[in-house]
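As a starting point, one isolated chain is supplied in structure tokens, in the form predicted alone.
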């Protein structure tokens, strides 16, 4: 059975699954119950000067009956006294010495204030620190959170202050509300960060009540932009994790991946793109701590299936496959193939292709009135849309078509070092 123990920038945990700094880690009782359920680590809800939260805090995006594909929140950092949080951190660490307890921190941008909070968190027993430079609402308006994370110089400076006194590993939590997350990661590394965690939530308004005209969540007839998380943000998070893993200046920097992780498969994807550990929030808020059982079993079985003994052997295996578009082979050809025995005649592929893509699927009525679809091979550009909309698994497959032309990227074509194969648009079908 695969060994799931992980080491993220020097922070050891029995498995790579951590709770993210959020409502599920607001109290010692919650963290204890999470560890009992099987979670390997927890990032304590952000400590700092306690604030006052609104009563109405969350809103969600649902899709076709699926609840909470995205969750928006306007909740801020802890509203509980610092002394209470520190005492509970000490209690948790004493009872669960082999689990990772990381403490998230956010205070005003003063060297002495950061020094004090770091010493107090480590004195309480923290295994590591996470600097919250990502919160996009409320705290950023006070010069903290994303207001720091969006300015590389600030990120570097405060990280340097923290490292002056920190005795435990320091992770910098990065904001996705930035043009190029690599700049923030480089700044964190320059400041001495032992690793980074990402992504924090994305600035958002999830919707507007069409009766009251107020965006959600509503607070006495007003609302505010908030932080967006959940399954909907996973593609954005994966891209940012991969970009840091591939960047020559941050390659090898330990990463704790965050963003829409709900299953072991999600976790495996983050690890393949360079993460060592993963953090979960929305899925726990939706389904509770017990989801960890399937996550642990699933990842362990997957590693066994792949013949891998430890999580580290999986880490980063997909990074080398991510390239700039200009490096892709323009002579790689795939074409749609429809299994007529599996086809239910819904005609969705025909509609999607003809109205939304490349008019490469034809349709006709069969003898029994059933719609029969077929691929117009010379028009098909292999865009994948038909296979994506098809409601029947493996009914439409994308099949590679051999070509007599050598691989050629846009970069090679522009420099005259390669030749492009004929394209469907060259044949004037329309």
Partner chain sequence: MRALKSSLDPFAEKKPAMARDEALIEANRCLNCYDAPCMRACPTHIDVPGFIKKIATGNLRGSARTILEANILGASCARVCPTEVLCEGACVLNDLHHQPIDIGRLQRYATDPFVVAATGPDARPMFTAAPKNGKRAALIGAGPASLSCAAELSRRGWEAVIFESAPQPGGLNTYGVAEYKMTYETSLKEIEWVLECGAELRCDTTIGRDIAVETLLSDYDAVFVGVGLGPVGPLGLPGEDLPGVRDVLEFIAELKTSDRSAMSLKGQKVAIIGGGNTAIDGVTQACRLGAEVVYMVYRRGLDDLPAYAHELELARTDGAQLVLNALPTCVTGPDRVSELTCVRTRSGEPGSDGKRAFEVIEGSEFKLDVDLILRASGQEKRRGFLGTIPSLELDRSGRVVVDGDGRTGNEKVYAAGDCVSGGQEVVNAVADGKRCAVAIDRAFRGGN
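Residue numbers count along the first chain shown, from 1. Every value quoted in this text rests on a predicted model; they were computed, and no experiment measured them.
Absent from the display: the form predicted in complex with its partner chain. The rest refers to it.
Proximity to its partner chain in the predicted complex, defined as a heavy atom within 4.5 Å, singles out one entry of 54, 26, 371, 387, which is 371. Of the residues 178, 348, 156, 272, just one reaches its partner chain in the predicted complex with a heavy atom at 4.5 Å or closer; this is 348. Contact check for residue 397: no non-hydrogen atom falls within 4.5 Å of its partner chain in the predicted complex.
Taking the partner from the other structure, its partner chain in the predicted complex has a heavy atom within 4.5 Å of a heavy atom of residue 65.
Residue contact check for residue 376: none of its heavy atoms lie within 4.5 Å of its partner chain in the predicted complex. Contact annotation: residue 363 falls within 4.5 Å of its partner chain in the predicted complex, judged by heavy atom distances.
In short, of 401-409, 40-48, 387-395, 26-34 it is 387-395 that has heavy atoms within 4.5 Å of its partner chain in the predicted complex.
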